[in-house]
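Next up is one chain by itself, shown in structure tokens, the form predicted alone.
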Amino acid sequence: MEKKLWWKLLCVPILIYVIVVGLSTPLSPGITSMSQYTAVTGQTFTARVTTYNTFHTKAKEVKARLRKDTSLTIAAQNVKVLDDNNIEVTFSIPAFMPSSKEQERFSLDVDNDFDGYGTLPGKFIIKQNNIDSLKGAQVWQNTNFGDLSERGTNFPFRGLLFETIRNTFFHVPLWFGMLFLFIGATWNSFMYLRTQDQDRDRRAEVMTMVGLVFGLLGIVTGMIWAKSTWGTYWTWNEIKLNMTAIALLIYFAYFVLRNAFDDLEKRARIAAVYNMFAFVAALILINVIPRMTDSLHPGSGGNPAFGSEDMDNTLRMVFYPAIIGWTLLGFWIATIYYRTLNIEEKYLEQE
């Protein structure tokens, strides 16, 4: 009995960990906007910077710099604290850059000893009035900025996501749980075709049903996320949304097909073949086609999902357990549903 229960009980502490840590870990300090995003060589300018999750008034020192990788850096001549989430920075750009390009993109770093540091990546542009990389190498001197302050255990700040980044632990793992359930259902359908065992057909049915529920939950959590980040619950211009909707409709048709036959063997045989077709179609629609075209989702348009721009090690400490926890919960629900169907069948046989 214990051998059968251990994986079911394991998902409980995992999901408690995911929910508690996922919702309570603070976000890193971030930069939401800057009043000026361009400058020219030889210019001195002052800009207002708005930050997120910061307490500048409690810091002993607030620093700012413009940085192109590690090769070119300029520290702010002056940083004036306006309030906890706003500072005023003054930069003096050298007359030349050690670059032969007309313009270079820089990231803005804001650092204080109370919160740690935040970054606005690659948004600031410095243009050259006169290009002379040799003079640039002579006049450009990187400022000694010092080490960035530690910021503790935080989730990364992402400009559009803000606090909704925590949905990563619900929306995405639900899709993984759906995928694993569909894999289990497809395997049982395949085994039914080999053995003609009705128990295999029933297991395929319940796993497909729970997988479909997880898919619907993934759609709902995704729509909530889209409303917060894209401004709309659904957009027909987003290919991954449309392909996912089609894939789920294909799986809905699986249950319509099952109900179309009274003969148990014929129903099981046709459903098994269709289930294998549905799984292949879903893989193509959800995982292949979006990668071939532009999409707002990570992992689309040929880009890898969950790269350094999407995830960091702190997120992964919760994200991977979330996949395990939600997947185990899905299979647990499937076993409960499976036993319920068996009890109903035995009850009907006794009548």
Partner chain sequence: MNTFQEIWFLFRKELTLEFRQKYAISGILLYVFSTIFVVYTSTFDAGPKQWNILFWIIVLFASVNTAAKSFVQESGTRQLYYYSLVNPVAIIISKMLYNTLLLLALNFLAYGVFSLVLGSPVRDLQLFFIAIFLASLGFSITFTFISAISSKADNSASLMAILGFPIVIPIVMELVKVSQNALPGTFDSAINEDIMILLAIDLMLGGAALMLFPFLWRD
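Computed from a prediction, not measured in an experiment: that's the story for all the values here. Numbering follows the first chain given and starts at 1.
This next part talks about the form predicted in complex with its partner chain, which is not shown.
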| query | finding |
| --- | --- |
| Of Leu257, Met223, Ala75, Val81, the one that lies within 4.5 Å of its partner chain in the model of the complex (heavy atoms) | Leu257 |
| Contact assignment for its partner chain in the model of the complex, among Leu216, Ala281, Ile183, Ile125, heavy atom within 4.5 Å | Ala281 |
| Options 318-326, 55-63, 283-291, 32-40; stretch whose heavy atom lies within 4.5 Å of its partner chain in the model of the complex | 283-291 |
| Heavy atom of Arg158 within 4.5 Å of its partner chain in the model of the complex | no |
| Exercise: Arg269 in contact with its partner chain in the model of the complex, heavy atom 4.5 Å | yes |
| Ile165: touches its partner chain in the model of the complex, heavy atom cutoff 4.5 angstroms | no |
| 4.5 angstroms heavy atom contact with its partner chain in the model of the complex for Ile93 | no |
| Residues from 237-256 in contact with its partner chain (non-hydrogen atom within 4.5 Å) in the model of the complex | Ile239, Met243, Ile246, Leu249, Ile250, Ala253, Val256 |
